[in-house]
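Taking the form predicted alone, here's one chain by itself in C-alpha cells.
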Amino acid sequence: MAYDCASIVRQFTVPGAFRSAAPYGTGHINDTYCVECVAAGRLVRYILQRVNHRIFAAPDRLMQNIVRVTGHVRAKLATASPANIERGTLTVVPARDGKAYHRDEAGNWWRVYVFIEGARTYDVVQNRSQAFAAARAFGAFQAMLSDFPAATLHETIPAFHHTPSRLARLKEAIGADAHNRAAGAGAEIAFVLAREEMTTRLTTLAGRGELCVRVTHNDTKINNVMIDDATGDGVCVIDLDTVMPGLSLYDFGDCVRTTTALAAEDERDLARVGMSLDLFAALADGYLSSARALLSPLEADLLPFSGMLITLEIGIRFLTDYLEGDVYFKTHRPGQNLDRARTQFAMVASMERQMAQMEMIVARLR
C-alpha cells in the first residue's frame, strides 16, 4: 500500500522541508521509510515507520516503553560517553501534538526517529568481529538498563518468550489438527515432546527467584544492531518494539540462534544446518565483555543452554503456525513453516552435540 509520507512527516516536529521518502530496510513487521528533508541548506535524514498494530495491539504503550527506555539510556550516555549520545540510542521525534506517535485518519500508527549516519545493519553476520560487536552491544544495552524498573514496562507481546506457553499452544494445535497436517509432521512433534523438560527450566528458576527479571530486548538478531562503518563497533541497538520485562538469557539465546546458524532459516537440506562454534565463541566473548558484571553465576552457567532453548522455542512456534494453517509467519511457498521448524530442530541437535564445548568456552571467558 502506498502512503503519503510527505503529509505524515508534516505531523511531526521535523525541521525543514520534506524532499523524498523511499522504502528502507528488510523488516517484515513494520513499514519503514528513509525520509530526506532539507533544513538550513543541509540534507537531514529520518526513519519513518508505520507500526503494525495487528502484531502490536497497543502502539501507544509500545511507544511509551521506547521513550522511557531510550531516555534512560541517553541519561547514562550523557554521563559515561557524551560523545556518543546522538548515536548510542534511538532519538524519537515527537509529533506536533507532543505525543511520540501520530495516528492517521485510516487508523495507522506512525513514528519518526533521527537517522543514525555512518553505520548500517547486516542481515547475515559476515565475520566473528561483527558477532562480537553485536553481542557486546546487546550486553551493553542490558547493562545500561540494569537499574531500570523492568516491572513498570508494558508487555508489548504477552508471554513472548514463555516457552511452556508456546509448548501448550503446540499441543492444542496437534490436538485440533485443523488442517490435517499433524501426520506429516510426526517426527518434528516427537522431537519437541522428547525435550519437554527443557521448556520449563528457565521459567521454573525465574519462578523461584533464582533468575532476575530484567529489561530485555527480546529480538536480538544481528540486524538489530547498527555497526559503525569506520570502526566496526556496535553503535546502537534498534527495533525496540519488544523491549519489556524478561530474562537476560532470552536475549543471549536468541542472539546465538540467529547469528551462529550455518544455513538459511528455511533450508531444506538439513545436512547443511548447524551451529558455528567459532561464532558462538565470538558472541560469548562480546556479550560477557559488556554484561559480565550484570550476570549472576547461574546466568553465566546457562548461557550455552539459552541458545538451545530459544532455538527450540522458535522451532515450536514455526511448527505450531504450520499446524494452524500459516496464520502468523509470512510464507512464500507451501510447507515453508515446516521447513523452518526442521532447521531449528537440526540446530538444536547441533547444539546438543557441541554443548560440552560451548560450556568450556563460557567457563574460559568467565
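Each form is matched to the other, and the largest set of C-alpha atoms that superpose within 1.5 Å is called the rigid core. None of the values given here were measured: they were computed from a predicted structure. One-based numbering along the sequence shown.
There is another form of the same protein, the form predicted in complex with a small molecule; it is not shown, and what comes next is about it.
Only one segment in the set 319-327, 35-43, 295-303, 22-30 has residues whose heavy atoms sit within 4.5 Å of the small molecule in the predicted complex; it is 22-30.
In the predicted complex, the small molecule sits within 4.5 Å of a heavy atom belonging to T242.
Within this chain, E265 lines the site of the small molecule in the predicted complex, having a heavy atom no more than 4.5 Å away. Remark: D219 counts among the residues lining the small molecule in the predicted complex, judged by a heavy atom distance of 4.5 Å or less. For I314, a non-hydrogen atom is located within 4.5 Å of the small molecule in the predicted complex, even though that partner is not displayed. Checked against the small molecule in the predicted complex, the candidates L77, A95, I174, I157 yield a single residue with a heavy atom inside 4.5 Å, and that residue is I157. Interface residue among T259, N224, Q130, T199 relative to the small molecule in the predicted complex, by the heavy atom within 4.5 Å criterion: N224. Relative to the superposed rigid core, the position of the CA of E265 differs between this form and the one not shown by 2 Å or more. The rigid-core alignment places the CA of E299 less than 2 Å apart between this form and the one not shown.
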